[in-house]
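Presented below, as structure tokens, is a lone chain in the form predicted alone.
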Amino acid sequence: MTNEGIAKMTLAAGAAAVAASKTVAAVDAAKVDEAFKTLKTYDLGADRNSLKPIDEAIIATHGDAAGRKALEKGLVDALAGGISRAAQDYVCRRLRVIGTAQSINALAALLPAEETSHIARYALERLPDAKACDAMRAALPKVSDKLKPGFIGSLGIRRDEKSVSAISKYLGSSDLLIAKAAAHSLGLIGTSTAAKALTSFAKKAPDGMKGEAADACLLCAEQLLADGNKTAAIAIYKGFQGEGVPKHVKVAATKGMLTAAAKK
């Protein structure tokens, strides 16, 4: 090997050593442990910097599955330990970033209470595991009407097809916020099953929901078209070509049909 090649290898090894030392420095185990101890008594007004080692460890362990798993366990254990509302908020926000299936039960336990429901649901919404949707779907009929629109919306954002039946039940809710959330969520899910529920409801929707139902149907058609289900999308668009359909809805449906026709 040439002297130049040896020099390059030496520089590369040196750079790797520096990178490794920075990682070790960034994840000071003693400081992280102390931060987790602080988390047990952390509350509003406390020094936010006392939790900074956990934040730094989350950043430093990017790509390190074992390291992330250990941090996640610490956060989950903290949730189960009866920490303050401020600490719960902190933990849930971190689990939005690193949460996996092992966080689901702890987060699900926070869903029924109004003061913790939103932040726990936001965390579950971001978790890639399908069981996160199962937890939100299971909680939906149990939470207050005030919380229902958020749960319905999260399931829509996740495009959880298993939730179509559960969400469809709320299309006829007397609470307009819940009914509108259900329509929009089904539009986001955008499957043939969701389309069937929406188009059926649109035909008999009360005056306060006619516009929402039409918009949701059009959104559903867009999702179907994007997913390659051209036939189902066109069927929805054709349903808004008859008499009595508001002009702006008919125009949107016509544009949708033209887009579908041009799509290969």
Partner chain sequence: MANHKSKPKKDQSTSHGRRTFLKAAAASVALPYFIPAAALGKDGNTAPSERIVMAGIGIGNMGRGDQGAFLGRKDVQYVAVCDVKKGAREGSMNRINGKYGNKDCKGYNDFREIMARDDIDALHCATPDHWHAIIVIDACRNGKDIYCQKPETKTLREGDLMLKAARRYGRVVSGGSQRVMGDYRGTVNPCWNGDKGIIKSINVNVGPFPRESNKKGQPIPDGFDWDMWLGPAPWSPYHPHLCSGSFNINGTSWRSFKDYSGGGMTDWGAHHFGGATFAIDVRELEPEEVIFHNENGKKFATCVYPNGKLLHHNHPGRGNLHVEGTAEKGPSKPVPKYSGTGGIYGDFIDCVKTRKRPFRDIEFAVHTTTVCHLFLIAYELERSLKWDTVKQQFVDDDEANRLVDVARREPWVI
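Positions refer to the first chain, counted from 1. Predicted model only: the values in this text are computed from it and were never measured.
We do not show the form predicted in complex with its partner chain, though everything after this point is about it.
**Student:** Under a 4.5 angstroms heavy atom criterion, identify the one residue in Leu71, Leu147, Leu79, Val164 near its partner chain in the predicted complex.
**Tutor:** If I apply the 4.5 Å criterion carefully, the residue I get is Leu147.
**Student:** Name the residue from Glu34, Asp28, Asp215, Asp227 that puts a heavy atom within 4.5 Å of its partner chain in the predicted complex.
**Tutor:** Filtering the options by heavy-atom distance leaves Asp215.
**Student:** Could you confirm whether Phe201 comes within 4.5 Å of its partner chain in the predicted complex, counting heavy atoms only?
**Tutor:** Contact check for Phe201: no, nothing within 4.5 Å of its partner chain in the predicted complex.
**Student:** Does any part of Ile59 reach within 4.5 Å of its partner chain in the predicted complex? Heavy atoms only, please.
**Tutor:** Looking in the predicted complex, residue contacts with its partner chain include Ile59, since a heavy atom lies within 4.5 Å.
**Student:** Is Ala235 near its partner chain? Define near as a heavy atom within 4.5 Å, in the predicted complex.
**Tutor:** No, Ala235 is distant from the partner.
**Student:** Give a yes or no for Gly45: in the predicted complex, does one of its heavy atoms lie within 4.5 Å of a heavy atom belonging to its partner chain?
**Tutor:** Taking the distances in the predicted complex, the answer for Gly45 is yes, it comes within 4.5 Å of its partner chain.
**Student:** Counting only heavy atoms, which residues in 115-140 are within 4.5 Å of its partner chain in the predicted complex?
**Tutor:** The stretch 115-140, when checked against its partner chain in the predicted complex, contributes His118, Ile119, Arg121, Tyr122, Glu125, Arg126, Leu127, Pro128 at the 4.5 Å heavy-atom cut-off.
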